[in-house]
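Single chain ahead, by itself, as structure tokens, in the form predicted alone.
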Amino acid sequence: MTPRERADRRRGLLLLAPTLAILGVVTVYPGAWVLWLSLQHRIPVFGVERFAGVSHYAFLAGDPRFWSAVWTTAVFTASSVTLELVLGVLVALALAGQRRGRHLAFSLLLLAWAMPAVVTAKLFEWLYHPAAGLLNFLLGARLNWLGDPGLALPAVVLADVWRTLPFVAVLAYARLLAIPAELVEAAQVDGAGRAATFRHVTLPLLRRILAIAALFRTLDALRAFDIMFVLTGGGPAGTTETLTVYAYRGLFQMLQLGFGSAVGVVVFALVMTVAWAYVRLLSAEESRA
């Protein structure tokens, strides 16, 4: 390393120092404290405070309710992200092919994304109402969407998809606008129809942006809390209890700070593992390209 490179490196570290210090205060320290707290029995109401080691993690490993929450989280994440990617691409294609009212349609699309999650949950709570809900009125049925164990999770997934689909649609729409028209025209000249053009031209060019959208949406879905908590509270019969709801109950309803922190550490480890896998996948795809 030359003297100039060493000087540039020192200057870069000096400029990064304030940011790293702030990240250490607001991220590293709280994370380390939660990890330490997960190794203790702490119930402030009863004055319990003692070292527990890995007993919380051992309990989680054998807790059927914990594994049920893991399964629910996985199903919710996979269903929500898959529907958002498919529907987001379809909405983006519809926007790109629209000749009139595109700006109005784009504004209405962003309305769902701009709406707070709690407001969205209350909106769908009224839509799902067994007696007065619009959905049952349109279906001509009296389904208990949020009270039936077989319908509650799909109902929560639908609400989450409606709220977050615009994120995927906007990213895909922006990428569609950047695709050179010459590529599409060349495919059409060669005799490719709409389906073939989408499969061999549009979709490959959308793949990278869709992978990035899937990364962000997967991380959000794994940590989702507000939608299912407001709509169902984790019920009925625990069918919508995700890991975050499970952690909330341990921390704030049972006031077992150590146990709830252990669940939080597991959620953090899961999110970081998924993020690492996505980054490796994106890096491998970039190296092949």
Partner chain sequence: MGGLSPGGLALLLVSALLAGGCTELAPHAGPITLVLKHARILGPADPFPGLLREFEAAHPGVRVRSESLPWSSDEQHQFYVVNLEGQSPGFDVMMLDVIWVPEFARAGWLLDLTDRVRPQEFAAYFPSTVAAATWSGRVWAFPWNMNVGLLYYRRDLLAKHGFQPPVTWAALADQVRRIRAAEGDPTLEGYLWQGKQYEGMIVNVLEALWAHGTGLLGDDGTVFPEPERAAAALGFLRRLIATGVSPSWTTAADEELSRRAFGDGHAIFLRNWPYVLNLLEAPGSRVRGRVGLAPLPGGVGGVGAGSTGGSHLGIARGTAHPDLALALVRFLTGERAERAMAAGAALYPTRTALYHDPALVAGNPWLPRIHDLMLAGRPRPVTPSYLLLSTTLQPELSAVLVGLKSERRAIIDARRRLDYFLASNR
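The structure displayed is predicted, hence computed values, not measured ones. Positions refer to the first chain, counted from 1.
Omitted here: the form predicted together with the partner chain. The next part is about that form.
*Asks:* Looking in the predicted bound form, is the partner chain within 4.5 Å of a heavy atom from each of L83, G88 and A186?
*Replies:* Verified in the predicted bound form; spot residues all out of contact, no.
*Asks:* Taking the partner chain as it sits in the predicted bound form, is L146 near enough to touch it, meaning that at least one heavy atom pair lies within 4.5 angstroms?
*Replies:* L146 belongs to the contact set for the partner chain.
*Asks:* Taking any heavy atom pair closer than or equal to 4.5 Å as contact, tell me whether P130 reaches the partner chain in the predicted bound form.
*Replies:* Yes.
*Asks:* Indicate whether the partner chain has at least one heavy atom within 4.5 Å of a heavy atom of W126 in the predicted bound form.
*Replies:* Looking in the predicted bound form, residue contacts with the partner chain include W126, since a heavy atom lies within 4.5 Å.
*Asks:* Should V230 be counted as a contact of the partner chain in the predicted bound form, where contact means heavy atoms within 4.5 Å?
*Replies:* Looking in the predicted bound form, residue contacts with the partner chain include V230, since a heavy atom lies within 4.5 Å.
*Asks:* Need the contact residues for 27 to 61: heavy atom within 4.5 Å of the partner chain in the predicted bound form, sequence order, or none if there are none.
*Replies:* Residues within 4.5 Å: H41, I43, P44, V45, F46, V48, R50, S55, H56, F59.
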